[in-house]
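Form predicted on its own, single chain, as structure tokens, below.
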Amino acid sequence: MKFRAKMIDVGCLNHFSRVVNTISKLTKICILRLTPNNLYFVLSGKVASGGVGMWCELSQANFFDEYQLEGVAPDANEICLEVTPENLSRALRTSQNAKCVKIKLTKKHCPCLTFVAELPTLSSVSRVVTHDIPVDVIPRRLWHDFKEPRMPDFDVSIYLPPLKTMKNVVDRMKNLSNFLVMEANLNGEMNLKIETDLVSVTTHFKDLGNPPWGDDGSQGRSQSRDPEVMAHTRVDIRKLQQFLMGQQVNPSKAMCNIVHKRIIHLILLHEDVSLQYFIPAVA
């Protein structure tokens, strides 16, 4: 089992740092799944029992100049590691202006992801910063928990308004309530609502547009739906706020799928990165 990779391009390094920083804002611990073509950050929260879920997919060729992987077996050419994203983010922060960064799976006092950053210098003496980040190797028998989540059979899919605008609204609402109702229809309309004994507040968004999912089977319920009728889900406002606060991917597309009274499925797409986040309903 071997893994080593190298980043030279500063733009790629900074982009990778932003992605990891986003992940670190969403979860304290997650699974890093390494395959020959992709990297995945996975949080397989049991949405049915109230936990959030996350799936972030990166194409390795768009970030790394060198990338070598030998998985646990010839018929299972991948590696799954439990990591603390904040530790990865901290290592990358000290490497921001590096000439190159090497990442390697090593065995120190325990399995580690070792980050070696070669920093620029004015003298002939090289400056190298090394971070050994402890990880846990996930045995193959547990891998089934970390496969890509199935697209939920949603009632409504809608493009999100600018995430900064949405964050400002949710930040203000959080001062008034612990729960938020997110509702949308197939006419490109979305509302964010809170209701308490003392106050009722609704923010309306119009003309957002609805993604064309084509023949995707998950669209089944929405095809025959009245475009005016709202699908809604009530969620813990802190979980939505956490998602909006951590966002540094700067997506080209941001979407939300609503499974009526069950799940909010948020999707961010940016060229070589996709991030999915699942927030379960609360009663």
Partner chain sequence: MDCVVTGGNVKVLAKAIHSLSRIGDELYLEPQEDGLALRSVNSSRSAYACFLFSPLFFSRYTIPLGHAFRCKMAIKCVQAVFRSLSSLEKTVEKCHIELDGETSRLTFTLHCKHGLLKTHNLSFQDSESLQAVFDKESCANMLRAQPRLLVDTVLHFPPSLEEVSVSVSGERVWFRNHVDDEAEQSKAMLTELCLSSDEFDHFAVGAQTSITFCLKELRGLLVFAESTGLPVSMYFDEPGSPVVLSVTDSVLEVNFVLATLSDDSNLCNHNNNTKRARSPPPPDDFMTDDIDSYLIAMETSELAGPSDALAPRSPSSNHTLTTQPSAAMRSLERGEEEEEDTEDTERPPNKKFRSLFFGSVCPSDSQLTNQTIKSQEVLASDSEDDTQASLP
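Here the structure is a predicted model, which is why all the values come from computation and not from measurement. Numbering follows the first chain given and starts at 1.
What comes next is about the form predicted together with the partner chain, which is not displayed.
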For this session: Could you tell me which one of T202, T130, T196, N175 places a heavy atom within 4.5 Å of the partner chain in the predicted complex?
Result: T130
Exercise. From the list P162, P212, G209, P139, which entry has a heavy atom within 4.5 Å of the partner chain in the predicted complex?
Worked result: P139
Exercise. Hey, of 115 to 123, 165 to 173, 152 to 160, 185 to 193, which bit sits against the partner chain in the predicted complex at 4.5 Å between non-hydrogen atoms?
Worked result: 115 to 123
Problem set entry | in the predicted complex, H109 touching the partner chain (heavy atom, 4.5 Å) | yes
Problem set entry | Close approach of R90 to the partner chain in the predicted complex, 4.5 Å, heavy atom | yes
Exercise. With the cut-off set at 4.5 Å between non-hydrogen atoms, does V181 touch the partner chain in the predicted complex?
Worked result: no
Exercise. So in the predicted complex, does L105 come within 4.5 Å of the partner chain, heavy atom to heavy atom?
Worked result: yes
Problem set entry | Within 1 to 18, the residues that have a heavy atom no more than 4.5 Å from the partner chain in the predicted complex | M1, K2, R4
